[in-house]
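Below sits a lone chain in structure tokens, taken as the form predicted alone.
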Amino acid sequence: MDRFMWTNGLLEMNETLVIQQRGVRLYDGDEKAKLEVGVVLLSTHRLLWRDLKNHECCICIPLSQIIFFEEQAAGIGKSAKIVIHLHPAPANKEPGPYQNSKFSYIKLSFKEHGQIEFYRRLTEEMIQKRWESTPASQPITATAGLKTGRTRAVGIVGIERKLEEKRKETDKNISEAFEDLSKLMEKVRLSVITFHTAAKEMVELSRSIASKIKDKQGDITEDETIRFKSYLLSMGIANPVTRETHGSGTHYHMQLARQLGDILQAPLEERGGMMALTEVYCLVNRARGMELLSPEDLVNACKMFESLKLPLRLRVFDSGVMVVQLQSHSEEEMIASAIDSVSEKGSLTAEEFGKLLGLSVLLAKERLLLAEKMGHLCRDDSVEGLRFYPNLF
């Protein structure tokens, strides 16, 4: 520590700040120095340390005084350190906090980390030795800058001022970004309102066209009217049953059930007479456009299929899977189809059975489980998955 000397903290001419790190304590050898935790600064010419509370307490040591340095890893309750070995103090050294020391090395203890980057930058400066190629002169003062017609911010105060200006600029940029984001959100909101209005107008237009086509006689047949409505439905433009038009409660669910009976008849026939309730939910909401249906309303409407004597019914398998199926759908045919497919292939998984019949994996598995329940199939549950075989017993 007797190599350190007092300084005012101003950077000298041709001297550049390289890095600074807060939360650093100085050690005189293995002993803590009589100084508090402060900021260590590395420039192209010197190593400086400044007290956090008392900015006038600032000491430095020339980089030319350093022989070599090494890292000291952190331990339990101990911070990581950089050990710096120094040349003996010159005879004409300026005064500092220590007049003499029994140690020829100092330690920088990093309480707030940052030692890795500081060690890297110190290594670069010791290799480049820029203090030899650009010797430093006396520090520039404010009055000297005024004489030349310009003021130059130097030293610790100048660095802090630059950091504060950069922080203000960052805050300004963030504020402007949030303003742009608010404008963008407002544009999105207006676009959504415009789209919703346009969708309402399209629905009203479809109702008008459907009504006119239905009332017109002669050239347009009933089949053509039905076909046109199916085109509208595939485009997501229909006359959906809503709470606004049919109220709420039982009456709403009854009307919704009747509409579902019309909508789902053809898709169910195309899919072998059965669809998972999740598939029904997606299909119906796609057709309803903006008037989306809640899962609860869909289930309540499906429960009314049988009481309204519609050609559909809601079925719940033992596993809890809910499906909508045609009343004409034969369970015996479904089981027989599963038995025939498994017997023909020797064994099948739900995925293989689903691909074979064009079913979802969920429905394929339920068909196989139903056939197993009736005693026609047996299973092999292994690490490769669930596989079904003909029951030979």
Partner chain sequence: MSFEWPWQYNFPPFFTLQPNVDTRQKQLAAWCSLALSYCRHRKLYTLDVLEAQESPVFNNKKIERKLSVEAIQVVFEELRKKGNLEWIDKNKTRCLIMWRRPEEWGSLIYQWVSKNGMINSVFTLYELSNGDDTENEEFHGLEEWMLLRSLQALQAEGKAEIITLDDGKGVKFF
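Positions refer to the first chain, counted from 1. Since this is a predicted model, take the numbers as computed values, not measurements.
Form predicted together with the partner chain: not shown, discussed below.
The closest heavy atom approach of Lys373 to the partner chain in the predicted bound form falls within 4.5 Å. Put simply, Cys378 is close to the partner chain in the predicted bound form: some heavy atom of it is within 4.5 Å. For the chain shown alone, Asn8 is not a contact residue for the partner chain in the predicted bound form, no non-hydrogen atom being within 4.5 angstroms.
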